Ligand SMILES: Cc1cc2nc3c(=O)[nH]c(=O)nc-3n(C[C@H](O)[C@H](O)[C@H](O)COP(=O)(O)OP(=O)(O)OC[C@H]3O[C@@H](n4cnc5c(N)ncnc54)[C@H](O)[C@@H]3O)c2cc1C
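One chain follows as structure tokens, the form predicted on its own.
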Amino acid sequence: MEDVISSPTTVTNFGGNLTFQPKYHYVPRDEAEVLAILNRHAAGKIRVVGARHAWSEAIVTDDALVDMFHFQHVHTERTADGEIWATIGGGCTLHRALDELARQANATLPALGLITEQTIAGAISTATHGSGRHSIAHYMAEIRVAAYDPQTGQARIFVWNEGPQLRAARCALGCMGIILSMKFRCLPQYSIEESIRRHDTIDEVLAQEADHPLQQFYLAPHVWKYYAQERKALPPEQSRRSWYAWIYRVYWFLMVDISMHVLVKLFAAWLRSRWLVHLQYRRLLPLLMWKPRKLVDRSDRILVMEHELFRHLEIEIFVPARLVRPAAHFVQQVLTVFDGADAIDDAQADELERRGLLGRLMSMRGSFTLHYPITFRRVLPDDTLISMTADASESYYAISFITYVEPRDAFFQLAKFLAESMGPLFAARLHWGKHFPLDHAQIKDAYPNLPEFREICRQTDPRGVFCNEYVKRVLGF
């Protein structure tokens, strides 16, 4: 029978913003045990937990929590025409999946998230993404899910490989059942060429995008300059690894993944010095940043970071590509006010005044100094129902805001203002798996497929077993 931890077990996520005690904590070893759990709790509530690397309340439950730790299998096969397919268990981390794909088939996934410690089921459920491609979920060709038969009410396994059910399951926040496995068509292992350059304006960064479609870039606060990781995939004949690639990886780990984050914690969280935070970006960052030209390394080494080494909290706001320039300007204006500036551009002030937001912004003047670079990543439209770029006619840019300071009340004020203002101003959408201060009434117009999504979920969960308070609040169940 499945492993059960029936005594109260405290569960805390990576960010430390969620702590709860489920009544039952299950770690099933096979699909039969998963079905047994579903039947046992058919009149209760069930949520699934992976690596706990989300910040939203998606995993919270006071009834049954299911940990899919044992579902870590990775099986690859090569078709007669040379295509590489991989079936990956729902509890497998991205790190393990990438290692196994490289070992078994010299292959990789079509898209990668920045953090590889998350489970692939969690990445699918919240439409985790990289930069310059679709979300990982977009590339999922088949999914096997344990849920409830709408006729009998008993648990059974569903397999979806086409149609609206597949589009819904590609980003379902756990509302369609427990993910057992997923199938992807993989890419042969490939190399990335990367250069890092500093730019004065976002226009300069975006001008490089045609030649570097996988680039991501950062807006350094308090100097308001951009650092771009200009990236492109290389054909096999140009994929020879740079001789200094291993040196650069050591440098990046020690100087960026460790040293820069230690300085952030020291100046912002421990010393709480606005002046030192400004100094870090105005003087120290240019000294720390090695900007190589045309570094070549394997894709799964270039496209990821050790971003999970220090506990933090994040909100990520998606804006359509056509609006990324004014959105970036707006973000800069808002952050300078939170940092203590007493005025913003006249045109921006007039727009906020017209929407009744200017007084609210100025009331929070000087309440929070952003201490971490703002990340921009381009995400292509997804073939999904409710992912952040679902049914879009253009790409979106994901803009990430991160804090390492606790308590987080001031950051929550900033996040709430950005979320509530950038929605109407820039047709923004929020990442489902990160801090999400809005409710269904505030976001429903941005997601026209929500009614269809809810109806599909009811077909495999008519009693709302997989719904918790978070998904009710944001999805309108």
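Here the structure is a predicted model, which means the values were calculated and not measured. All residue numbers refer to positions in the sequence shown, first residue = 1.
Beyond what is shown, the protein has a form predicted together with the ligand; the following relates to that form.
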Practice task
Report the stretch among 362-370, 233-241, 252-260, 127-135 that approaches the ligand in the model of the complex to within 4.5 Å, counting heavy atoms only.
Solution key: 127-135
Fill in the blank from the handout: Exactly one of Ala86, Ile115, Ala268, Leu323 comes within 4.5 Å of the ligand in the model of the complex through a heavy atom, and that residue is Ile115
Exercise for the section: Name the residue from Val48, Leu430, Ala415, Leu38 that puts a heavy atom within 4.5 Å of the ligand in the model of the complex. Expected result: Val48
Exercise for the section: Decide if the three candidate residues His53, Ala58 and His307 all line the ligand in the model of the complex, where lining means a heavy atom within 4.5 Å. Expected result: yes
Handout entry: Partner proximity in the model of the complex: Thr119 to the ligand, non-hydrogen atom cutoff 4.5 Å
Key = yes
Practice task
Would you please decide whether Tyr24 lies within 4.5 angstroms of the ligand in the model of the complex, comparing each non-hydrogen atom pair?
Solution key: no
Handout entry: 4.5 Å heavy atom contact, Pro221 to the ligand in the model of the complex
Key = no
Exercise for the section: Report whether the minimum heavy atom distance between Val34 and the ligand in the model of the complex is within 4.5 Å. Expected result: no
Problem - Stretch 361-392 - residues with a heavy atom within 4.5 Å of the ligand in the model of the complex - result: Arg377
